[in-house]
Structures are given as C-alpha cells and as structure tokens.
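Here's a solo chain for you in structure tokens, the form predicted on its own.
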C-alpha cells in the first residue's frame, strides 16, 4: 500500500510528492489531465520559496531558464514611478535577494523530472479523483487506490475539499482579470521586470517572463468575455497602457475570476488540503503559488516524519494551524490591500498612500521592513511561531 496519495500534479502536488519521496516515503500522484497543463497565471517566486526548493535541486534548475528580478516598482499610470524597491537591502537574510520569474508550466516539468528519479514515487495522468472513503488506518480512492494518507492539491475547485465538506470561506471579486502576454519589450519604457501600476479605472500588473511580458488588467463585471478577448480590444488595451506605432504581438491571452477564500478546515482524519484547494487570493503580490508551495513543503516534511514513526499524527494539526495562520494573517490581508492601493479612486487617499510609500522607500530601515513582508519572509517566520 502506498503511504501517501496526492490528487493533482500541479506545482503544489508535485512539490509535496518530491518532499515525501526525498524522505523515503512511497507516494503516488494522480492527475485528471492527460499530461502536465500549461497555466500562464502564476510564475513569480519569492526568496523563501527558492530557499525551500533548493535542497531538492529545483532552484538550481529554475535558475537555468528563469529571470532574476532584484528590483521592482510601484507606479502610477499618470505619474510614472512612485517607488522602486531594491531587494539587495535584504541580501543578509537570504541567498536569493530577488524575485524570480518562471511560469508554473515551466516549473512543473522540473518537479516531475526530479520526482521520477525515485523508484517509490509515481505519477498517473488521466486518472480523475471521484470519491474517497477512510477508516482509522487508510484512505481508499475511487474504490481501487489505497494509501495511508491523502492530500488534496487539486486546485480552487477541489473535489477533495468538497468531499470533506468544509466551508470555503471568503468572497469572489465582482471584476475578472484579463491576462495578456506580449513579446514587446517594456524595459525601454522604464519598466522593471515586475511592476504594479495604479489607476482608478485600469490598473495593471506587469511581469517579465522568459520570452514575453505578461500583463494583468481588471475587467468590469458587465463586460462580455468574448468582446474583452477580441484582438481589437486587446490591442486597444495595450496601446492605452504603452502607446506604440506598431501593433502588439500577443501569443497568449486569457480571462479568469479572482477569489479571496480560505477553507475552514484543512484536515479531516487522513485527508489533508494544500495550495489552492485550501486557499485562493488575487495575484497582486504573487502570494498564491508561493503560499501553496510553502504548504506543500511543510506538509511534506511533517507527514514524512509521521510516516517514518518519528512524530505523532497531531503534528499534522500543527501544519494546519501554521499554514492557515500565514494565509489568513498575511496572504489574504496583504493581497486585498495591494488591490485596494492600485484601484483607489479618491485623489486625497491616493496621494496619502503614494507619499507614505515614498517615505518608506527613502528610509533604508523602513524599506527593509517593507521588503521582509512583501517578500514573504515575515509570513514564513510568523507561521513557524505558531504552536
């Protein structure tokens, strides 16, 4: 019997499996899709995440194809740069004093390759999770797959989460986000590889990924999806953002809804949740995938100790307390605050926020504290303090 069965071969599921396999724990991942999927939404990694992935050789492999982002901006659509942050201010705290850009569909093949090196680990594609039943010793999935533990890493619509019946508390933003990828280089226009651009009507988030620049914009609830994604509409949106005489080449575009939700319970007996199955947030700040990977690697560590008989099962409840606290106290509150900053419509409130950002950026001690929080170093430290 497999020790651990994981539902979902995204980055969170594969990272949890890799952590367990490294500890000698037998693990199987099942994935409904026929192969690894291509998702263009996430791909900005914070220093703690790179540190956590390094022992598995993943960070080194990522470095060969991704982009280091040592500086990033908060801008205003009319005023230009408000502040530019230098992660060199926290170089004494991490061996990776930068954000790192690599789409998650480029990360998952790295994780899969590392995982496949272990004979006691396997990934089965084209296998959908239908149902599970548990007793005091094991979990049986789909009637024929048996494991001692089950981890749901099956995304925001998690069937595993629905099975355990926990509430997914929070809300859905009324507006959607449109994501556009273009090969046009925005660096000559003054943009750092990561920038957040405030505007009461059409704020933007900018990410330079390998081979293209990815931009996210808000979409009004009343706008028709097909009309938003029409070539002419995408071209007009990009021209409003940075005007140029030539047309934009856009190899990718998509639209999606955005949520702020946290599962009330992350564990039901031998079934646990991690990543988007446990929590969702807007992408402003790049906390979602990072937080999911933090879940995966901590759960992998704790569950590995339980499987090896080195810890009581109650250690898994500590995982829930630590990671849920990090998400509620930091990821949810900060990602909501980031969105509010970008979309603020009151001129006096915008001016006050911008002045405060400039004040913080001008003081190295304050800027350092800001970067410790925005780089998720604080949230990892805070989680470790939860008992």
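Positions refer to the first chain, counted from 1. Just so it is clear, the model here is predicted, and its values are computed rather than measured.
Beyond what is shown, the protein has a form predicted in complex with a small molecule; the following relates to that form.
Student: Can you tell me whether residue 47 touches the small molecule? I mean in the predicted bound form, with a 4.5 angstroms heavy atom cut-off.
Tutor: Answer no; every heavy atom of residue 47 is more than 4.5 Å from the small molecule in the predicted bound form.
Student: Against the small molecule in the predicted bound form, would residue 110 count as a contact residue? Criterion: heavy atoms within 4.5 Å.
Tutor: The answer is no: residue 110 has no heavy atom within 4.5 Å of the small molecule.
Student: Hey, in the predicted bound form, is residue 28 touching the small molecule, heavy atoms inside 4.5 Å?
Tutor: Judged by the heavy-atom cut-off of 4.5 Å, residue 28 is well away from the small molecule in the predicted bound form.
Student: Would you classify residue 32 as touching the small molecule in the predicted bound form, given a 4.5 Å non-hydrogen atom cut-off?
Tutor: Heavy-atom contact with the small molecule at 4.5 Å: present for residue 32.
Student: Among 60 to 68, 36 to 44, 339 to 347, 358 to 366, mark the stretch whose residues have heavy atoms within 4.5 Å of the small molecule in the predicted bound form.
Tutor: Selected range: 36 to 44.
Student: Which residue, 218, 97, 304, 155, has a heavy atom that falls within 4.5 Å of the small molecule in the predicted bound form?
Tutor: Of the listed residues, the single hit is 155.
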